[in-house]
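Only one chain is shown below, in structure tokens, and it's the form predicted alone.
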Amino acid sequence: MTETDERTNDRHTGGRHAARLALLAAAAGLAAAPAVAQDVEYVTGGDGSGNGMRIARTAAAGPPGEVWLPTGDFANSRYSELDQITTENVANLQVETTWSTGIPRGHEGQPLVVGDTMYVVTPYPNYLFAYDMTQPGFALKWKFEPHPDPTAVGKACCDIVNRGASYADGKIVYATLDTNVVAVDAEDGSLLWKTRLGNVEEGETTTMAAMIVKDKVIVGNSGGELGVRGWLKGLDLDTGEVLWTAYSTGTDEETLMAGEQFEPFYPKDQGEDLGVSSWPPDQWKLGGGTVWGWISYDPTEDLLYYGTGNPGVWNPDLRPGENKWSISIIARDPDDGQARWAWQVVPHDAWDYDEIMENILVDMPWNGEMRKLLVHPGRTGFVFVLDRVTGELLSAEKFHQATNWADEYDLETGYPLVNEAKRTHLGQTTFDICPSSTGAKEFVPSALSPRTGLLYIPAHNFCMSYKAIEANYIAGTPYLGADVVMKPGPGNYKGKLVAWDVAEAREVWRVEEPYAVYSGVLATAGDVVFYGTLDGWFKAVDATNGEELWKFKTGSGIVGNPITFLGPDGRQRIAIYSGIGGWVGANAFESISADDPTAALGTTGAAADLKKVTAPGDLLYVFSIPEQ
């Protein structure tokens, strides 16, 4: 595969871009700096914090009133310092404007806000809209059409979604479904460069939000259910040239895990060429481990962090071994991709437990000393806390108590203590595995508040039966190897928002929902937490106790992530997409039969009733409190 195939360069030399960045940084009280700045400031809990948490921020993440990154900040905290909207006045929120994208499919991800402009990336065909927030109704400034290959639509596993864009140096950068990455001039919508990264014919697609780290664009691939080989790539922000590729399987040279710099904490993750030797011969070439979730970056350690997906073919008996580096958390140098450490969360996965979820970076006291931590609320049903410098597992506790595939984690070895009665095998059906393959949470991101010390986890409550079956690989076609049927888990709820005390490793409160919580979460300095539900409610709750403060019924189920920002008038606003889709949300589509419990990769058994409460949609909502 040619990494730089079809790259188009139409670069604008841009003193105006640097000047604009400097003005924006100055407006936020930050030092004017290019996108590669490493100047670090810390966001703390102020009077509301009882845990001494702090989150690193840099000028490259944008001013507090703007949203330059799909994660809000490099730490993946999804915490905003804005505090005009509070527990006392949030009930006054009203719709200020809406915009239709015209594409009634899954609207995952979130907008960006740069200066006076809001940017929205749609599901396929991956339009980029720029809205002028100085005009009534946020008038459309321009629309960019990337014209992705329509072949990608038939290859996408779980809807034709896109999880957002990044901004730096005058460029809006995002991936299209057909594995291209584009950089678009933020002022006029012209194409600056375009780089093709993968092969759609072999089943590769791209749904993740490309992340800009220093002067690199970091992006990975999707397609683990089609037998593709996962990778993460680093591109030059200025030209789009591919600078490095780190595969999830293969030799140490291919996985960029060679040399003395790579120091996994646990013996189970140490050894030569584990990305080959932990697989049957040649199975690693179809090994999955795709990278379609969220990227975090620590500017003090100069390391990026991410998780990999499930191993290729869901039938575990077809791939004996630990199957590295699927379902792993990995730390890498953004400049050359060299790995510093890796921890495999689930060796020899038998349940499709991707761990591409968010890795939240926070400094806080841990057992009496200040530690640099990585907090990972996983699909597995556990909240993992690691030392992000060394990769040591410090804590692993269940945030979803129905979890039964494993009892606990051994902190000395880094291994899960698997409940063998729930392990899946060829030709037999294993019943009542919790959570299901969709996990106790999905890719939808949590939020962490340094004011409360709480992690707010969007979760759901599905269990499953799982039968491993034979599978044959044909390039570009589904390569599953399992029949899965999901059902609601124990209790009278399918979804919940969990408030988790990171320091104490325990649930503090929860809000139970009749449908899965499949939206991201936003926490603010006003002690308000925002999230959405699959039946279309957008809600605000008190960050300290979960009390519902406000809700609004949108036109479709919510699978996107809320953001908050300051408008040109200096007033705080909240924005969210409404447009159901994705894996579970696809059950709202007429093309998915509500009578077949195995439909939508098994999710219909737990979510067939979505058709009764919501329908496809395509609206962006912006809320504000009216001026008094």
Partner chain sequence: MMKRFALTLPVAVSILTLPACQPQETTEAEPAPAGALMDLTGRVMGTQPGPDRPLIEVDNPYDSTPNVLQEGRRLFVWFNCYGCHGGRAGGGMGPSLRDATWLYGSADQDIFDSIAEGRRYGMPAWGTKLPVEQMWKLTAYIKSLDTPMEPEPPPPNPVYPNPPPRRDIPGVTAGGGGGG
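Just so it is clear, the structure is predicted and the values come from calculations on it, not from any experiment. Residue numbers count along the first chain shown, from 1.
Below, we turn to the form predicted together with its partner chain, even though it does not appear here.
Engineer: Decide yes or no: are 63, 184 and 210 jointly within 4.5 Å of its partner chain in the predicted bound form, with each residue judged by its heavy atoms?
Structural biologist: Checking in the predicted bound form: none of 63, 184 and 210 is within 4.5 Å of its partner chain.
Engineer: Taking its partner chain as it sits in the predicted bound form, is residue 51 in contact with it (heavy atom to heavy atom, 4.5 Å or less)?
Structural biologist: Residue-level check for residue 51: no, no contact with its partner chain.
Engineer: With heavy atoms only and a cut-off of 4.5 Å, decide whether residue 599 touches its partner chain in the predicted bound form.
Structural biologist: Close contact exists here: in the predicted bound form, residue 599 approaches its partner chain to within 4.5 Å, heavy atoms only.
Engineer: Tell me, yes or no, whether residue 481 is in contact with its partner chain in the predicted bound form, where a contact means a heavy atom of each within 4.5 Å.
Structural biologist: Yes, residue 481 is a contact residue.
Engineer: Is there a heavy atom of residue 88 lying 4.5 Å or less from a heavy atom of its partner chain in the predicted bound form?
Structural biologist: Contact check for residue 88: no, nothing within 4.5 Å of its partner chain in the predicted bound form.
Engineer: Quick check for you: of 567-575, 53-61, 66-74, 586-594, which stretch puts a non-hydrogen atom within 4.5 Å of its partner chain in the predicted bound form?
Structural biologist: Selected stretch: 586-594.
Engineer: Looking at 394, 508, 426, 153 here, can you tell me which has any non-hydrogen atom within 4.5 angstroms of its partner chain in the predicted bound form?
Structural biologist: Looking at the other structure, the residue within range turns out to be 153.
Engineer: Could you work out which of 421, 95, 474, 139 is the residue within 4.5 angstroms of its partner chain in the predicted bound form, going by heavy atoms?
Structural biologist: It is 474.
Engineer: For the stretch 600-618, which residues lie within 4.5 Å of its partner chain in the predicted bound form by non-hydrogen atom distance?
Structural biologist: Those in contact are 600, 601, 604, 605, 606, 607, 608, 609, 611, 612.
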